[in-house]
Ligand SMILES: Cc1cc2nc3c(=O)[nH]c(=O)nc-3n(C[C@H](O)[C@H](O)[C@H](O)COP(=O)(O)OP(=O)(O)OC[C@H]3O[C@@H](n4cnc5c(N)ncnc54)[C@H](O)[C@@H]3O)c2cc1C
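Just the one chain here, the form predicted alone, laid out as structure tokens.
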């Protein structure tokens, strides 16, 4: 079966629907979006933000596990990624953290400056104000397809804000939208509205459903069809993909193929297409069409540690609804279905903070002082305007499904989370099979850089000080829970307009293109990358159209 479209978008997760939605604003273009997973329209566990972990295994997850990580005592790490329409934006924490402008200025590309990325990130949103939340109006969009709102932090969150402030982190309510400071505390907005999680599929559904977009689920992209033109250049013509039964299909693109499979899947598609390090491709008997040594390299990930505490008094957490009720999930789901309320309608995180800890480490750690520094930068390469770590907490005992020491009635617990910014460890994505239904090797090499370990250790120590000696929480803590005794141009895969080097008509538009990961959760940068990609693609189409008219 063969089909012809103007654009073929490969991946219906976070970036793909935004690009397809923006391109479909022109009724004269025909778009195909391919998604390896299933339709999410009827997935309650996706629409309920609090049910996030229900989609971290099985058919709704890519079920990726790293090789043993020497930096983590050889543990193998499960890295959940959504495998359905909406992708990881449908099973993440709904958190909107844009980072700071310096994060993007450090990419060294005018097209991707901090100002440009902050402009693009707010383009996707419709922000809904709340009376209690003093938002920075200039930081928000008000006519995008995705609805976002501030989330109340519950009593524990108010206490945590007091603790943050007592440790020198000034209260700046909307700092995670404005990107105004590397030291401070405030509130993160959430991709939720009226009890529903919002995802980029809102660009293609509801009142934005358009007849010029075809969405095909259960379609795993194998490779890009690349042909040599008469001028000896390579041109992307379309893609080959397979359904879940192994049936094979082709789809062709008159204009462009856009890879939006995410940080793990897009490099794998490039590699199966013969684009990547020549030696790696030849080892798998793949013909190397474009020798790009950077494909799959420079893999970065934020690292996160949960530390649990028991509280000495009731009424501060949501444990009674979430953990004390033996039928919590069933009751929460029923309440959500009835009125879009209840604990499953919200994500269980409270107040957030950024902090820089270079001064602490410099004063106290001789090893840290020995690391080299560029002018105006710390050993992590961070400027004074960039945070070292992000801190936040849960509003009950909760976290990844590996955590099972649930508090019983009369017990109340929460996690303090320490999230590393500016990680220096670098990993890679490689193929272990040419079968598109087999996952690639995803090796983050977590904590392989000593600086990451030192900064994360200091972060956990500071987080513990916030909780146990901070003004708001120091008298509420009973004890621990559970109770016990840079980017290299020679390695670049795409140009500044996201076009794959050496192949015309092919772009990559997802977080795999980030030369340096930003300070914070990657959802908002993914939105910005997709918005800018759509602008670049429209710009190219406009230039070509003008050239055709000029030749008539």
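Positions refer to the first chain, counted from 1. Keep in mind that this is a model prediction, so the values were computed, not measured.
FYI, the form predicted in complex with this ligand isn't displayed, but the following is about it.
- Under a 4.5 angstroms non-hydrogen atom cutoff, this ligand in the predicted bound form lacks residue 296 among its neighbouring residues.
- Among residues of the shown chain, residue 80 is one whose heavy atoms approach this ligand to within 4.5 Å in the predicted bound form.
- The closest non-hydrogen atom of residue 155 lies beyond 4.5 Å of this ligand in the predicted bound form.
- Residue contact with this ligand in the predicted bound form: residue 387 places no heavy atom within 4.5 Å of it.
- Between 243 to 251, 379 to 387, 402 to 410, 83 to 91, the stretch whose residues reach within 4.5 angstroms of this ligand in the predicted bound form through a non-hydrogen atom is 83 to 91.
- Here the marked residues 15, 56 and 261 all reach this ligand in the predicted bound form, each with a heavy atom within 4.5 angstroms.
- With the partner omitted here, the residue from 463, 117, 395, 269 that has a non-hydrogen atom within 4.5 angstroms of this ligand in the predicted bound form is 269.
- Proximity to this ligand in the predicted bound form, defined as a heavy atom within 4.5 Å, holds among 307, 220, 212, 303 only for 220.
- Residues 521, 522, 523, 524, 526 are the ones in 521 to 535 with at least one heavy atom within 4.5 Å of this ligand in the predicted bound form, listed in sequence order.
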